[in-house]
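As structure tokens, one chain now follows by itself in the form predicted alone.
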């Protein structure tokens, strides 16, 4: 049977599932704050964009660790509603604003931001395309920080190669991705791999209860059953092949 990736499923279905989770991809507060440690010159006037923010797990970490204002953008209104509600509960509504929009058609001014952040989302429009397009919205000397799927080795087993090339056709090695960052007009500042707990503890384990809940809600729906089976397959593949790939935080400075 031909393998399926999440891109094969209905967009609304995917977002209904993930809006019920704190994180929509691998990551952790520790990884977010580590990436922040490579970015200097924080000021109270800092303007930040968090693109493909989901429900805002990393957005709140950013807001709690640096001053300035954050505009968090996501295509799915349900995610933005949840993000804005969380910002209100945390007393951050004066500095965090969620807006609905597309990462490849941003409603911002050129050179508006000091920092552009994006965890687990740039693959939706392409690593090189995203870095190229988003650069215009950064001030000169501003920073970009993104997480992106990358190969840890030059060669890997065919099973995992097929799964990720189907999901992220541009997936490549860390060295290649750093060269793309340079090519698109940034000075590479840092690159580090997300540790296993960013996949297991904050991404795969929280999904277990959500998957049962989702299957129960959509009992008998074959599309939902296939979607959940695909997510479980992804977790199984990670357990089997995690030495070959993962998410990498890439941090660059605009020339």
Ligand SMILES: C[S@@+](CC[C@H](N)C(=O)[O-])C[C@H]1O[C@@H](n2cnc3c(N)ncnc32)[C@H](O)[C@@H]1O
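Positions refer to the first chain, counted from 1. This one's a predicted model, so the numbers in the text were calculated from it and none came from an experiment.
There is another form of this protein, the form predicted in complex with the ligand, and it is not shown here; the text below is about that form.
- Note on the partner interface in the model of the complex: the residue among 168, 92, 103, 174 having a heavy atom within 4.5 angstroms of the ligand is 103.
- For the options 96, 121, 138, 131, the one in contact with the ligand in the model of the complex, meaning a heavy atom within 4.5 Å, is 121.
- Partner contact region in the model of the complex: 71-79, out of 181-189, 157-165, 71-79, 138-146, criterion any non-hydrogen atom within 4.5 Å of the ligand.
- For residue 62, no non-hydrogen atom is located within 4.5 Å of the ligand in the model of the complex, even though that partner is not displayed.
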